[in-house]
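Heads up, the chain below is alone and in the form predicted alone; it's given as structure tokens.
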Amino acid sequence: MFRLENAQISFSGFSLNSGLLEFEKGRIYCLTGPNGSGKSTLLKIIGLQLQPDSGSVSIEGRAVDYGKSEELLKNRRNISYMLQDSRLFYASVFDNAAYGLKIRGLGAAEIKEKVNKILKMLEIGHLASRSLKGLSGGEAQRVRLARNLVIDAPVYILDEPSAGLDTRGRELLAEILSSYNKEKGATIIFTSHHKEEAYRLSPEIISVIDGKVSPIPRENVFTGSAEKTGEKLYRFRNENISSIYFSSDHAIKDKVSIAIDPEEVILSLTNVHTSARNCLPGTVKNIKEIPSALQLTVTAGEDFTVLITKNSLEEMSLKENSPVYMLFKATAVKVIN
């Protein structure tokens, strides 16, 4: 659907280059990276809010011509775009949520039906007649979400949509985005600082660091069953893994898929007792050098990917077939479905 080829933009000493980046119709993508890395800038290029200095942006195989204002506006109208910290109007919650529908020319009855529906979904229907004064930060963020999610669009672009939301607000957002994607076939592209949120919602994660863009392949993804063993604590297992403990704010029912960040796995030569909930014995299967680190494949029933430094490798004298223990916290395990 969207294709960026070396779309580059520079300003104030900062430069961003998309490289070759493609977004397929009907999928969910998450852009991750630290503040100032270029996530919002990349989102503005994808959302046709910024014209790159060089390179190209294509939609459905056709290059965007920024000189054709009518065509550009038509493409923008197919996108519901939520800016980070977008401003709300000095009007009621209902009127703020209805703004995008009004400028699209919908009738009053249809607007009322759609707005009341999205406010109810976000659990702020009781605030419809309220002014912005007195709203909490989380409530105001739900109003911003309502203003964008009420629009029936094939593409939703959301910059830090969960910012300021409490646990319940993030749950509602995840439910709505998932339903829009599954039921409407909507393409959703969002940014997030939360790895758990990224892994839960998106099978496609794109890293943006210092203006450099690269897709992140999913590592250490396993499917099996889960049983609750304590408050917010679960035990995962499948036919190859006997036990991995993880925590979750969401209720888990039996079958589940999990992902473990390779950077959050620590290797040890002994079975040590630490704050890490998980300690799995394994064997080094493969050692591969990658930029700034070493990538190890450790077999522990399943193949795990682990990243360590060269110094750590030398200190532990690790080589292929070396026995090791993998240590990682329950919070390092992310639920992704």
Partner chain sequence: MDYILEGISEAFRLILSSDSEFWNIVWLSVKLSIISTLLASVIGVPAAFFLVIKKFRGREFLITVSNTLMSIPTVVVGLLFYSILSRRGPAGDLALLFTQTAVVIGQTFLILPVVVSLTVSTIRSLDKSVSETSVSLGANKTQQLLMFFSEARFGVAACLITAFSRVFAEVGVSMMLGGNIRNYTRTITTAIALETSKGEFGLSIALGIVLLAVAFTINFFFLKFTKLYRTVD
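Residue numbers count along the first chain shown, from 1. As the structure is a prediction and not an experimental result, all values here were calculated from the model.
From this point on, the text means the form predicted in complex with the partner chain, which you will not see here.
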Close approach of residue 187 to the partner chain in the predicted complex, 4.5 Å, heavy atom: no
Close approach of residue 108 to the partner chain in the predicted complex, 4.5 Å, heavy atom: no
Heavy atom of residue 73 within 4.5 Å of the partner chain in the predicted complex: yes
Contact label in the predicted complex: residue 54 to the partner chain, heavy atom within 4.5 Å: no
Interface segment, criterion being heavy atoms within 4.5 Å of the partner chain in the predicted complex, picked from 167 to 175, 79 to 87, 111 to 119, 245 to 253: 79 to 87
Heavy atom within 4.5 Å of the partner chain in the predicted complex - residue from 312, 49, 286, 268: 49
Option touching the partner chain, based on a heavy atom within 4.5 Å in the predicted complex, out of 163, 140, 221, 153: 140
Within 4.5 Å of the partner chain in the predicted complex: residues from 240 to 264 (heavy atom criterion): none
